[in-house]
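In the block that follows, a single chain appears as structure tokens, in the form predicted on its own.
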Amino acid sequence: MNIKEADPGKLTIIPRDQHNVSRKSISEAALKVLYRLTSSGYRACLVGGGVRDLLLNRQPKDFDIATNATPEQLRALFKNSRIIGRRFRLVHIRFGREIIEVATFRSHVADSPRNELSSQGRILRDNTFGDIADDALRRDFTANALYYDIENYSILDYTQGLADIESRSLRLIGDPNTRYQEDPVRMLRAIRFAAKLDFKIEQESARAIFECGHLLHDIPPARLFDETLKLFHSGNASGVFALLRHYQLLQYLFPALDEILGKEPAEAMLDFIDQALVNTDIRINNDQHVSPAFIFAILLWPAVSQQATALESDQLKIIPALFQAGSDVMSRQVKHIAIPRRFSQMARDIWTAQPKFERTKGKQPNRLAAHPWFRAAYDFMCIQSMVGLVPVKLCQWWTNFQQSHQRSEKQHTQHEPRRKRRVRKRQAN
């Protein structure tokens, strides 16, 4: 690849004929924003994951833009926009259902009144603006610090990000310990990108995860809920789970699960989690809906099942035991990840439904199938059957039951007589 160096050691420019990024692959909305900014006299570039994915011949899910226009200038230029955030002030520009996120070039100035760090070095506010070179060095990974310049269609590389993409390496920009201290969630982003892109985390960036993992204790549970959904709804949940265990981060997200797997690595439960996550990945990659409740039901099930077994007795049957265990496990879990009640309740419903699948006589199946969470609970039970935790014939029975029920409903609809319309006779005047 012939690369033109505009400033050796700082900026590498890859001209249009030397890369594969095409405007045909960029959304029309993103191009509108880029062109309006440049025609209004501002500098504007496509940046981040969108450029990275296009270089990897992947279709980006969204397109982010960086510019030297301030949030106020952007708001004045785009009537369909709004300024969001305090920690990082951004502008969202809406085109129908699509939102283009635009950020002003940022710089790091230690004594800037627009920057604020905690006593542990965590970034609380980062709104000091700078130029594009400053902005590149403030980004997290080199693979995410590439800019597509709409003026001449070149790629701007300030951090050797293109070389890291070609070697499939995920490397932090700057000192890894310092960057993780600034924002510990970067460790979770490293896990997510490594699983999503099939990249290897660079040695120093990986080493620092083991040293800085404890910093996740400082992240608000509400933010960890959002990050957990990104991790497990990325279409690579199985790989994410393996990396979380490898880098010893599972203990900060799901301590009850981590404790169980650390003490007695039950192969059946590990197989269940892996199979459930693989099934989740398949659904997400097929654009099928997956409820967050299902993910939490999966990852907390080993703790709930173990506690319910310990509670079950002649005085406390299995369903009340599951209800009590589910409530206890969930109440401890929300201290780490703020799971909204609608998802925590559905997870508890999935757990307490499991023994009910053994009731296949009389009206019990119809009653169970009428619940709104039935399908999720059924999938949960069938995944257990795939790894030997539940008899395979039980899953097959319920599969046949649903198919028979659907055929019966279809036949009933087809043969249902149409109601005759009553026609009123007009009275003569």
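Here the structure is a predicted model, which means the values were calculated and not measured. Residues carry their position along the shown sequence, with the first being 1.
One more form of this protein exists, namely the form predicted in complex with adenosine-5'-triphosphate; it is left out here, but the text below deals with it.
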- Task: Could you confirm whether Trp301 comes within 4.5 Å of adenosine-5'-triphosphate in the predicted complex, counting heavy atoms only?
- Result: no
- Does any heavy atom of Asp157 come within 4.5 Å of a heavy atom of adenosine-5'-triphosphate in the predicted complex? no
- Contact label in the predicted complex: Asp164 to adenosine-5'-triphosphate, heavy atom within 4.5 Å: no
- Taking heavy atoms only, is Lys61 within 4.5 angstroms of adenosine-5'-triphosphate in the predicted complex? yes
- Task: Could you tell me which one of Trp351, Phe193, Phe105, Tyr180 places a heavy atom within 4.5 Å of adenosine-5'-triphosphate in the predicted complex?
- Result: Phe193
- Query: Among the candidate residues His214, Arg223, Arg168, Arg332, which is the single one with a non-hydrogen atom no more than 4.5 Å from adenosine-5'-triphosphate in the predicted complex?
  - Reply: Arg223
- Query: Want to guess which of 290-298, 318-326, 242-250, 139-147 is within 4.5 Å of adenosine-5'-triphosphate in the predicted complex, heavy atoms only?
  - Reply: 139-147
- What are the residues of 169-190, in order along the chain, with a heavy atom within 4.5 Å of adenosine-5'-triphosphate in the predicted complex? Asp183, Arg186, Arg189
